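This document starts with one chain, in the form predicted on its own, laid out as structure tokens.
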């Protein structure tokens, strides 16, 4: 009998992905974790009933999550990555000439099991000497640390389970405190076509702390709902006004060769569809 993984993220619809081979299924200290193989997506990681990443399309999400803020900043040396235990975003951050990446992941099991079963996603990123891996609650970390960062990337799960606290106004305020002047924060903001209110709430909460709040997007096949949104927050509006030519020069200087990401994609990703512009006061 064919086995199927049922995603339970949305109450109104279901996505089923065929499980040809279940590699791992266990309850970690924080969440239910499943890794399985599918002939279309390759290896698939799911947490608490929601697809997190696949080896087939992970490059789209992770390149956009990491490259857009770092290239837009233009001189980032210290990066804070919250979540992202699969190592995909970390791997892309480390493609840049940064001095240090502090990665705060609440669930050590996600890191260990991703290194074992999803090595095509993380590569050797967890062995990079520039990495400081901290197993802790990201919300508590930004509330307590005295370190400052040029870029903060919040690669969280959806606002359920251990990821819920990473969608609060208080967390965003603490992230603002941890940024250097002119720094930028980005975060996973769901698929707005199906998670409209979540997107609106994230934008509103970011505006309480940041002068320039926006969002950029990319279409990731494994995520139901079309475009995946990435929240954008900074006090320097010029960071998202850099033209295509300059973005291209920065990409070349950093030696970035994205499978999805490029200068045109970077600049174009800031464009908001009309249905989103109509929902937001900054539209």
Ligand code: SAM
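Residue numbers count along the first chain shown, from 1. Everything numeric here is computed off the predicted structure, so don't read it as measured data.
What comes next is about the form predicted in complex with this ligand, which is not displayed.
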| property | result |
| --- | --- |
| Whether 63, 95 and 125 all lie within 4.5 angstroms of this ligand in the predicted bound form by heavy atom | no |
| Segment assignment from 198-206, 72-80, 135-143, 179-187: heavy atom within 4.5 Å of this ligand in the predicted bound form | 135-143 |
| This ligand contact in the predicted bound form: residue 166, any heavy atom under 4.5 Å | yes |
| Contact test in the predicted bound form: residue 218 vs this ligand, heavy atoms, 4.5 Å | no |
| This ligand contact in the predicted bound form: residue 223, any heavy atom under 4.5 Å | yes |
| Residue 234: touches this ligand in the predicted bound form, heavy atom cutoff 4.5 angstroms | no |
| Selected contact from 107, 174, 212, 150, since only one has a non-hydrogen atom within 4.5 angstroms of this ligand in the predicted bound form | 107 |
| Interface residue in the predicted bound form among 35, 239, 251, 51, criterion: non-hydrogen atom within 4.5 angstroms of this ligand | 51 |
| Heavy atom within 4.5 Å of this ligand in the predicted bound form - qualifying residues of 9-32 | 31 |
